[in-house]
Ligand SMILES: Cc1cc2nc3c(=O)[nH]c(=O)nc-3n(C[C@H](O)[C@H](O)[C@H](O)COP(=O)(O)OP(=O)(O)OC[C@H]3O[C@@H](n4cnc5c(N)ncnc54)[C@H](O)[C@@H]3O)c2cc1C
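In the form predicted on its own, a lone chain appears below as structure tokens.
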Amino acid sequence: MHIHDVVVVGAGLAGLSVARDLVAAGSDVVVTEARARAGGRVEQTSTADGRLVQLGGEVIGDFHTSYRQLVAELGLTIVPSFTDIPGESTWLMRHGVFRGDDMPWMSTADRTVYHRLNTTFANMAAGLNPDDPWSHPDAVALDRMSVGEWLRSEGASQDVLRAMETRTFGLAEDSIERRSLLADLRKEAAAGAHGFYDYDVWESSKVLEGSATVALTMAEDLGHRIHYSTPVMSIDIKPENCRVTAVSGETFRARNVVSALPAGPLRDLRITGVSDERLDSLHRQQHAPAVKYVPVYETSFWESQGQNGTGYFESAILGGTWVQNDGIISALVPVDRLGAYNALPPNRRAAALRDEMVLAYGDAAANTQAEYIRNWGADPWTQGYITSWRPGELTAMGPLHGSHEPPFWVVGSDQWVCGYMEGAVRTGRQAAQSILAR
């Protein structure tokens, strides 16, 4: 009976990152992956004319240092993203279509309130340690309060609330009424405490060769160590002899087990030998599911109209848009609108989303060369898209979030402060260092 040093469950960015570093240090590693491909929530395809299309995670910020370091090690290239595209943002609001970067549909007075609250939020975030938000003297109160409640307590007008909600849906996050203030402050503290979510801070760069190429390159290097089409059924943790059992009945034994699964699929496993407190903490984690829609056009026609392709949709099914590549736009259906999306007959969904693009970008948006839809919430191996923190959940989980119980290790974007590709790579590489140190 062969006992590996480490079994890694899941070949997304986190699992691949931890496996890559362990193998480089000489460890005997095996990786199980439920899908027939590597990458998890990063996935790509190509158009007929060779343009890359990203179906999952795409963009990064300057402070995403772990991801950037990995990209450099792999010999790939980081370039500016959509935030450098000239033109104006588009706001598809209930009372019309507006163009401009600073909420052009709002009154000057409301815009002043918005920017005042942004400054207050930034100052609050600056006083929070993102690695230990539980130590904040008001942690429980901040966690129990929703972002919406806080905005109203600080004098937010109805239009300021509309602006915050519309921006939220553009990111496919939960409503401001169902998001923990503490979690949002923690998220922005990790980014440098600049204020409310800013594309220039979080999404200013991308990998020229495609974000999924990061995962595919690591997977190619790991080669035979990855067992594809091998969903796991159970994990049994014991000192020096852990057991991972696949649905097929195949078993893998190791001294350490690393779970690199998203929160939803992790709940589906039978895990023994781990404390009840650990499992309860892991099982509390939530995702905001989303659908990604990617229409492909011959050219970036919106630029000739003075639009930069970044859009915010207040009451449509889509939440917002951004430019992915030449002639290619990304859009998300946020969790609050999945009911309306799922109610559509499957053969009408693409047309309905295309019609909304026409409302924002004109008749030229109807002339798609191709359309791609990826329902990450319905995918059994993800069951969601981004990390979601409802009021009270962050303090309920406590400092166990993002920690480990050796020889059981948990990595992934969900284990960082707020998800994202950076979280996957950062937690994966940190776990590898800790395992090697043992």
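In this text the structure is predicted, and so the values were computed from the model without any measurement. Start at 1 with the first residue shown and count on from there.
One more form of this protein should be noted, the form predicted together with the named molecule, which is absent from this view; the next part is about it.
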Whether G311, L318 and A350 jointly form a contact site for the named molecule in the model of the complex is the question; each needs a heavy atom within 4.5 Å. no
I need the one stretch from 143-151, 87-95, 183-191, 223-231 whose residues put non-hydrogen atoms within 4.5 angstroms of the named molecule in the model of the complex. 223-231
Only hit among H401, R68, R390, R35 for heavy atom within 4.5 Å of the named molecule in the model of the complex is R35
With the partner omitted here, the residue among A366, L269, A126, V201 that in the model of the complex has a heavy atom within 4.5 Å of the named molecule is L269
Does the named molecule get within 4.5 angstroms of any non-hydrogen atom of A260 in the model of the complex? yes
Does the 4.5 Å heavy atom contact test between F408 and the named molecule in the model of the complex come out positive? no
Give a yes/no on whether Y372 approaches the named molecule to within 4.5 Å in the model of the complex, heavy atoms considered. no
If you check in the model of the complex, is V59 within 4.5 Å of the named molecule, heavy atoms only? yes
In the model of the complex, which residues of 294-313 put a heavy atom within 4.5 Å of the named molecule? none
